[in-house]
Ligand code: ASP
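Only one chain comes next, encoded as C-alpha cells, the form predicted alone.
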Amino acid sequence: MSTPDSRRPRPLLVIYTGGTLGMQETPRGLAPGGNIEARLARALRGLPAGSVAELPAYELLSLSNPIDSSAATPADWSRLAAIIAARYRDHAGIVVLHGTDTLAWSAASLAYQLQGIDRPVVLTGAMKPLEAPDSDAAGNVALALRFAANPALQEIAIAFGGRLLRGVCTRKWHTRDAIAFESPNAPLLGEQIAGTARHYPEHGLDREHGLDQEKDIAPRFELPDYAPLGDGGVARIALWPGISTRQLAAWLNDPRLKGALFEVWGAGNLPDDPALLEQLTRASTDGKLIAAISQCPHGTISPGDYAAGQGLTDAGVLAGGAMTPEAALTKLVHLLAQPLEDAERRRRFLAPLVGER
C-alpha cells in the first residue's frame, strides 16, 4: 500500500453506474436519472449533522450511460474494472454506486480482475431512490464512504444495510428489505455500530485465507476482455427433477459455449442417469470448463460423499466448494477470457484466489 505523505489526503472516487439509488420517476416508472452529483450531495446533507461532518472528501465520476443493473453484462464488468485500474492510484479508495439486482455479480467479477488491490473498493446501492421517502440511499453511501476511507480494508466489499460484506462471497437475499444482502458462508468484514463504521480486520483476506497480501507487492490486476464471452460463452444450469439429457445437451453442445456452472442438489448429487453424465464427460473432454456448486445457499459441495455424486468427479466436473453462484460463474468467465491452458484454468478454479472458496 502507498505510504501517506504530508500533503492533503487524496479524495475518494465515487463511480456512479446507475441503479435504483439514482433513479427518478418517469411516466413509465423509475428510470436512471441525471444530475447525480448535486442530488447525492443534497441527500448526504440531509443526514444528521455530526454524520455529515465526518464524511471523507470525494470526487464523483458518472458513467456516460447509467443503466439499470439488470441490463449489465460481462463487458460492463470489464469496463468498470478498467476505470478503477486507471484511476485508483489517485484516490484513497473507491466507491461504486450500483443497482442491487446484479451488484453481487459485479463485486465478484471485480475481485478477480483487481486481485491484490491495495485500498478499499466498496460497492453500494439502495432499495429506494435518493429522493424517496425513507430512502436508504444516503445512509448506504455514507457507510460506503466511511469504509472506503479505511486503508486497512484492501479488497472488494459491499456496504449495505449497516454491514460490510466480502464482495465475492455475497448474494442479494431479499427483493425489498433494507438488509438486502447476505454472505452465507463468510463472516462480516464490518458493520455500523452506534454510528461508527467498525472494520473487522481479523476477517480480512490475509488473516482468513492466508493469501499473499504483502504491502510492498504491486497489485496483481488481471483485466481480460470479457466481451467475447457475452454471447452465451458461459451458462448457468440448475438441476430440476425430471431434467433430460436432451435438455442438457442443448446447452452443452452449443459451439459458442466455453464453460458452464452446474447447480446440483445437496452436497453434490444428481440423477442416476448414465446418459446425463456422458454429456458432462463429453463437454469436459472437449475442453469446456464445467463446474458444480450446490443449490443450497449454505455449506459446501462434496461430490464424493454419495454414490449419486461420484459421477461428477468422474466426468471431470470441478467442485466449486462453498462458492456462491455469482462467484463461481464470474470466475469461469474470468478464467476463460484469458489465454490459459486447460490444466491451468482447472487448477486456478480450484484454488482460492480472492477468498471466494
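Just count from 1 along the sequence shown to find any residue number. Predicted model, so just to flag it, every value in this text is computed and none were measured.
There is also a form predicted together with this ligand; it is not shown, and the following applies to it.
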Problem set entry | Among 259-267, 189-197, 67-75, 245-253, the region lying within 4.5 Å of this ligand in the model of the complex by heavy atom distance | 67-75
For this session: Let me know the one among 154, 135, 100, 185 whose heavy atoms come within 4.5 Å of this ligand in the model of the complex, would you?
Result: 100
For this session: Go through 337, 15, 12, 23 and name the one with a heavy atom inside 4.5 Å of this ligand in the model of the complex.
Result: 23
Problem set entry | Exercise: residue 126 in contact with this ligand in the model of the complex, heavy atom 4.5 Å | yes
